[in-house]
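Presented below, as structure tokens, is a lone chain in the form predicted on its own.
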Amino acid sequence: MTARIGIAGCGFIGTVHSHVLARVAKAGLVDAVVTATHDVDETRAAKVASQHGAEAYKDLDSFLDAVDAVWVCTWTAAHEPVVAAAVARGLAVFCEKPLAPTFDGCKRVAGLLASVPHQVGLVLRYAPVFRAAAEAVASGQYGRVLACVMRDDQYFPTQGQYGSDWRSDVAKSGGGTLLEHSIHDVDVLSWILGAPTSVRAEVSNRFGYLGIDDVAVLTLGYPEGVHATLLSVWHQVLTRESSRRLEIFCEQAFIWADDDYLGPLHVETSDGASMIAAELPTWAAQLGVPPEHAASVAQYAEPSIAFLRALAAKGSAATGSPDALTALHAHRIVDAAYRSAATGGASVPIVD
């Protein structure tokens, strides 16, 4: 049976998901269709709905009554009420990150999600380059990890293609670059290096938005003296939409990447340098997008396809990946980092 999908929140990321869902459905990769949209801005909801022949709903209850699965793409503070209402109906939920503005809110949202088929939008879990990095570290072939550095930067997302005015409002977002953007990075580092045991952090507010950090520097501690440093920056270089660099020093190799989807992953050892290259999924050619946009679309298409196929195969028993517990672990680290920053950078233990 064709799954009826509703898009709750029709700003930048909701529009991205809407476009991707239309592409994968048209290509026959999933049996699903966007049938409804909902947004506090009725014009935005109507615009996205028109691209699918769907109906735009002003009322949340009427919107939820018309769908089988909900993509929650509202600003962060609005996630919880939409998730709660969807869960009350037993609907499947794809929830964007961050789960909520506060860690207590994240725990509530994660608890709600755990009761229904769900998936969280930590899409870097599907990036081949990070998968290759995780496999290289886990293999042990390069010895133990010694240290890791990750840099994440993008222009302040209230402008340009993002146009997310709410990201300058702490009541709607809960925080700045660390929470809103680098929740991805914290999750990736946990995937590759394992769970950190402590964090020391400092954050800065250079652009004057109350409670919105635009620079964050974290030092994550791991067993056996391993450390990872994360630098997260929102700047005003409008030619840099989003960029990530990962460097991992092992006993017998230097592993690095400048691209957060296909890579390649570079590996330098005493024997020389090599690359682990990734290709687009074979189905990407079916999406009907220009080659220069194929990677951007595939990066969001793969997690959506995985979730919808899990729903089709398992129904109410389906759980997508990453799930709410995985997301909650990343939020726990971010919460500890903010608490560290509030004390001037003191080490804060991380306990699940």
Ligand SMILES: NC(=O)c1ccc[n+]([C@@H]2O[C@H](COP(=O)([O-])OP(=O)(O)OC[C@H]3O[C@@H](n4cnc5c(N)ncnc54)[C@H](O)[C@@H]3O)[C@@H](O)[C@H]2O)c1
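Numbers for residues come from their place in the sequence shown, where the first is 1. This one's a predicted model, so the numbers in the text were calculated from it and none came from an experiment.
The next section is about a form of this same protein that is not shown, the form predicted together with the ligand.
Stretch 162-170 is the answer when you ask which of 162-170, 200-208, 131-139, 102-110 has residues with heavy atoms within 4.5 Å of the ligand in the model of the complex.
Of the residues Ala336, Ile13, Val24, Leu328, just one reaches the ligand in the model of the complex with a heavy atom at 4.5 Å or closer; this is Ile13. Of the candidates Asp153, Asp214, Glu96, Asp260, Glu96 is the one whose heavy atoms come within 4.5 Å of the ligand in the model of the complex; the others do not. When contacts are judged by a 4.5 Å heavy atom cut-off, Glu292 does not count as touching the ligand in the model of the complex.
Heavy atoms of Glu180 reach within 4.5 Å of the ligand in the model of the complex, making it an interface residue. With a 4.5 Å cutoff on heavy atoms, Gly121 counts as touching the ligand in the model of the complex. Using a 4.5 angstroms threshold between heavy atoms, Leu220 stays clear of the ligand in the model of the complex. The partner is not shown here, but in the model of the complex the stretch 28-60 reaches within 4.5 angstroms of the ligand through a heavy atom at His38, Asp39, Val40, Asp41, Arg44.
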